[in-house]
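Only one chain is given next, in structure tokens, and it is the form predicted on its own.
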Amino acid sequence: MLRKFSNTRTLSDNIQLGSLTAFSAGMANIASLMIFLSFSSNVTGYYAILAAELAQGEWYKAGVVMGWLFLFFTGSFLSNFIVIHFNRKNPYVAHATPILLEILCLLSVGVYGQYFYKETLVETEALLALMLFAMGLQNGLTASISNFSVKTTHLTGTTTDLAILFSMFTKKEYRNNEELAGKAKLLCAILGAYLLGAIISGVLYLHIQFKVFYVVCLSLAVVIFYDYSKIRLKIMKRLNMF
């Protein structure tokens, strides 16, 4: 999932990466919605809120929203920066680093929420900011290494693209196109995994509260260690050959 880059990736690579990261994004987004009453995996609505706050002269609130948008942007920027500057040295490490940073961010939210959170406005704004940075890291990574084929933290574009593809499939020539069929499978996998993650997160939150973030981190750890296990297996096979 993380070892390959851009056009060297297969449809299977992208479906695996898209499904697991969309699952974790869905979990994180519903957790933030239920705890903070705000979304964390997309920023479209925040641009509208920013415009509304500026129009009403609510400068502090506008500043907070601008900070959230900037952190999502910064997360995406940092992911791609790491990928393009360190990809040639060690693709796996370069691609895994943004996921590790995301895990640290979400783990921090979980630990702080479980032991220190007093439900103040400042705390809520800060924790949501950290989550938006984490989601920016994830979306920037998946888009960067998949040549913009995989975006998993929001479903607006996914739903639009899927609707266009289904419309195209009303013609036989498009239904027989393997590339279009593969893209539809990828988008369906992302959409389904996101929804499943959201449902599971909602149910878990009712029982374990902030500990749900530990489950999100565990799902992201699977993404990292899946490729690590593959690399270790290849190394062991090579050693056995000599």
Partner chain sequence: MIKLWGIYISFFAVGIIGFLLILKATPNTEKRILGEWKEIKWEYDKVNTRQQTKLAFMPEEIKDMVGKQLIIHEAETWLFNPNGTLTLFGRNSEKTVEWRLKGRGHILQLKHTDNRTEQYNIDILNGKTLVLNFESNMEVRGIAKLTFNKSGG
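Positions refer to the first chain, counted from 1. Keep in mind it's a predicted model, so treat the numbers as computed, not measured.
Omitted from view is the form predicted in complex with the partner chain, to which the following refers.
Participant: May I ask you to choose, among Cys188, Ile49, Ile200, Ala181, the residue with a heavy atom within 4.5 Å of the partner chain in the model of the complex?
Facilitator: Among Cys188, Ile49, Ile200, Ala181, a heavy atom within 4.5 Å of the partner chain in the model of the complex occurs only for Ile49.
Participant: Since exactly one of Leu128, Ala143, Leu101, Ala94 fits, which has a heavy atom within 4.5 Å of the partner chain in the model of the complex?
Facilitator: Selected option: Leu128.
Participant: Report whether all of Ile35, Ser38 and Val64 sit within 4.5 Å of the partner chain in the model of the complex, measuring from non-hydrogen atoms.
Facilitator: Yes, the whole candidate spot contacts the partner chain.
Participant: Mind telling me which stretch in 211-219, 188-196, 51-59, 173-181 gets its heavy atoms within 4.5 Å of the partner chain in the model of the complex?
Facilitator: Among the candidates, contact is made by 51-59.
Participant: Does Thr159 reach the partner chain in the model of the complex, with heavy atoms at most 4.5 Å apart?
Facilitator: Looking in the model of the complex, residue contacts with the partner chain do not include Thr159, since no heavy atom lies within 4.5 Å.
Participant: Is there a heavy atom of Arg88 no more than 4.5 Å from a heavy atom of the partner chain in the model of the complex?
Facilitator: No.
Participant: Considering only heavy atoms, tell me if Ile164 and the partner chain come within 4.5 Å of each other in the model of the complex.
Facilitator: Looking in the model of the complex, residue contacts with the partner chain do not include Ile164, since no heavy atom lies within 4.5 Å.
Participant: Check Tyr112 for me: does it contact the partner chain in the model of the complex (non-hydrogen atoms, 4.5 angstroms)?
Facilitator: Contact check for Tyr112: no, nothing within 4.5 Å of the partner chain in the model of the complex.
Participant: Could you list which residues of 137-153 come within 4.5 Å of the partner chain in the model of the complex, counting heavy atoms only?
Facilitator: Nothing in the stretch sits within 4.5 Å of the partner.
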